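Before any questions on how it binds or moves, here is one chain, the form predicted on its own, in structure tokens.
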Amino acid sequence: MTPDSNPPILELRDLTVSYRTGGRGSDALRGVSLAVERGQTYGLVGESGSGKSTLALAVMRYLGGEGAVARGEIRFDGRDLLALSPADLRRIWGREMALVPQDPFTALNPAMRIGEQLAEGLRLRFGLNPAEARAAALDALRSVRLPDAERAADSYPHQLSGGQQQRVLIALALSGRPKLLVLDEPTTALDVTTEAAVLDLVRDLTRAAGASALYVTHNLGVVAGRTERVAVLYASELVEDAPTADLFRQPLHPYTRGLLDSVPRLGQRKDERRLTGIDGSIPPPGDLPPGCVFEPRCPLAVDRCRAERPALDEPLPGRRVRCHRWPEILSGEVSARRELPPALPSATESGEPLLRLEDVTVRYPLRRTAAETLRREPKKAVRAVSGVSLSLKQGRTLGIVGESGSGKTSLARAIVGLVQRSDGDIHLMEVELPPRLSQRGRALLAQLQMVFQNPEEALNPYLTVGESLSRPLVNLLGVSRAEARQRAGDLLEAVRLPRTYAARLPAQLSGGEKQRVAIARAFAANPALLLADEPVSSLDVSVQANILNLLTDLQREHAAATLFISHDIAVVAYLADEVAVMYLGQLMETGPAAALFEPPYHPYTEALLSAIPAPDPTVRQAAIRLAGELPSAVDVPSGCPFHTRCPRALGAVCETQTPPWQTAPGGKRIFCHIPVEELAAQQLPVVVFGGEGE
């Protein structure tokens, strides 16, 4: 047999990867075969624990001391990577294949300036002298569109924003002009505008270099808009592999269908259709079912699925699926869509606002440097929130969106009392909330509860779930410990967890289960107001869907108001009744969520909407990208705070004068100098909705 003259840039053949823990081995990847063609961007999706990152690290031959390839082949550019020596691998890393990891801050050396980190790699790879390496490092930083390459090169990692750090990692990865770029969740921690800019950058640079990319992510919107082909992993196995458009139009595996149905579609509303998350969780490697690994969670499982492991079939040219029932799914005889009860309409507005904010301001004073003290310069402060006025009625949800640094979390913490507001008034049920948490009595504390982003940090690791749920009942409501234990079981059932979970420690729960416990604890005291700060951003899409449905159900049962903070506009638009858009601590736009996707928009809202990665290849979006970084909250621009990045800025009036609040159609209010009529004439819908597949 003659060798292929133009083989795929990357080919995995029956790849199995094992890790040894506690003296025992377990497979983190089992029998995976796939091929990335030259110039192709290949997406790899699946829930946490599916094996995505293991595959990426195996491709890079970077599994660590406990991991090893137990079986199979990894071929890169026609060569067997597993047969290469460490010295040979070092010659390939950076030059021919490169990795962009998820967390830029841990990937960069905190004690070395950015320019030197780039120059060091260039010297080693290409034998450049220091001056040549410095010049090449600056060119690399300019190629990723950092606005001031010289300043960035002379900075330490902590002096750059998250988006800038991620651009540096991309510059590091592409500086060797690799043939293959492996990206492991590179935009998970970024807000939508930064994510869009980074994804545009990767697309443009890989196209220009003719490079291939393996993109590991749980974000189906990223996959839909940025890849040509997608592989779906579940419980360490490849369950589906198809061209992106075909996979989204008609998935053939029930797991893929479940993932797609879990994501809120742009414009989808909770009072129109519930989300369809996947119940259950991925089985641990040592406790796999005897037949199909997805059978315990599959809505189409039959006896054959429980007894016999399905083969990886090719139902159509270029498509592969591991499911006994794909012929029936392909023909339309059966559907893996889960049937859910119809959504209930949102609560109607009535009565006085339950929460009322008037000109709320939060400032964080900064210490003066010695030089500033000698020059007698005035003290500076971070203006995190500036003059925000909002109201929220009982049973309603107010969503707050904006980039990182827009003031969303500071506003929530001022409401709950975790930071002290500098000015303004906050009333809850017509009672003024004291600025400090210590000034609020138990009755007020019981009426206002918060769910945080990271459930790992929200739960005491040394308390059982039952103890965590009992404490607010005992401390805030004064019930007996015996009654609190009984109610803790009721709370677990309310968040769809067994009562037996009361005896478990947080370490024995999955991420989604921990967040359910945190939500149950927040509702324990039957609060009037729930503040949810990015409560689903760290969760898989299937778990996210279940949590959003749960929040909707509990809010209706308790008639509570919810302040929901997120940078995911699709999630906010799905869950919220009203939406407020923040930028640099100030409100830019407010209005009903139903009108969010209809122009006219504030130019900042327009840019946010255009940056949403839509989980549908048929959706068409305008590409509006904001120039530059978010200005410092210490020195907020005069006039309109958005004028330094606004693509529609009018000039001097935006730079020097505070914009007026204008009323727009659909109940919106827009903080902008441009007349609403002109915005309406200039703007088209940012998102043109497509179909929903099967």
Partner chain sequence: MLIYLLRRLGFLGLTVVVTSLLVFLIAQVLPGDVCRVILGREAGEARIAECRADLHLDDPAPVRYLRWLADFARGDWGESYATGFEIRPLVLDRLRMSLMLAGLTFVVAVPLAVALGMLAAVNRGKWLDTVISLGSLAVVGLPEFVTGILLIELVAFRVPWLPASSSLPVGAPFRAALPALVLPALTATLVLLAYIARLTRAGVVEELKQNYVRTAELKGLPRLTVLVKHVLRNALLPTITVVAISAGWLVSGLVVIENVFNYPGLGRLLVFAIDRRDLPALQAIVMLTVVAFALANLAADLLYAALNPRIRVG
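Numbering follows the first chain given and starts at 1. What you see is a predicted model; the values in this text were computed from it and never measured. We call the rigid core whatever largest set of C-alpha positions still superposes within 1.5 Å between the two forms.
Keep in mind the form predicted together with its partner chain is missing from the figure; the text below concerns it.
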Response to the item:
With a 4.5 Å heavy atom cut-off to its partner chain in the predicted bound form, the contacting stretch among 604-612, 86-94, 130-138, 380-388 is 86-94
Worksheet item: Using 4.5 Å between non-hydrogen atoms, is residue 319 touching its partner chain in the predicted bound form?
Response: no
Worksheet item: Are any of the heavy atoms in residue 188 no more than 4.5 Å from a heavy atom of its partner chain in the predicted bound form?
Response: no
Discussion item. Quick check on residue 101: any heavy atom within 4.5 Å of its partner chain in the predicted bound form?
Written reply: yes
Worksheet item: Might residue 268 be said to contact its partner chain in the predicted bound form, defining contact as any heavy atom within 4.5 Å?
Response: no
Worksheet item: Can you pick the one in 550, 594, 288, 107 that has a heavy atom within 4.5 Å of its partner chain in the predicted bound form?
Response: 107
Practice prompt. Tell me, out of 208, 431, 366, 124, which residue has a non-hydrogen atom within 4.5 angstroms of its partner chain in the predicted bound form.
Written response: 124
Discussion item. Pick out the residues of 45-65 whose heavy atoms come within 4.5 Å of its partner chain in the predicted bound form.
Written reply: 57, 60, 62
Worksheet item: After superposition on the rigid core, does the Cα atom of residue 175 shift by at least 2 Å between this form and the one not shown?
Response: yes
Discussion item. On a rigid core superposition, would residue 453 pass a 2 Å threshold for CA movement between this form and the one not shown?
Written reply: no
Practice prompt. For residue 651, state whether the C-alpha moves by 2 Å or more between this form and the one not shown after rigid core superposition.
Written response: no
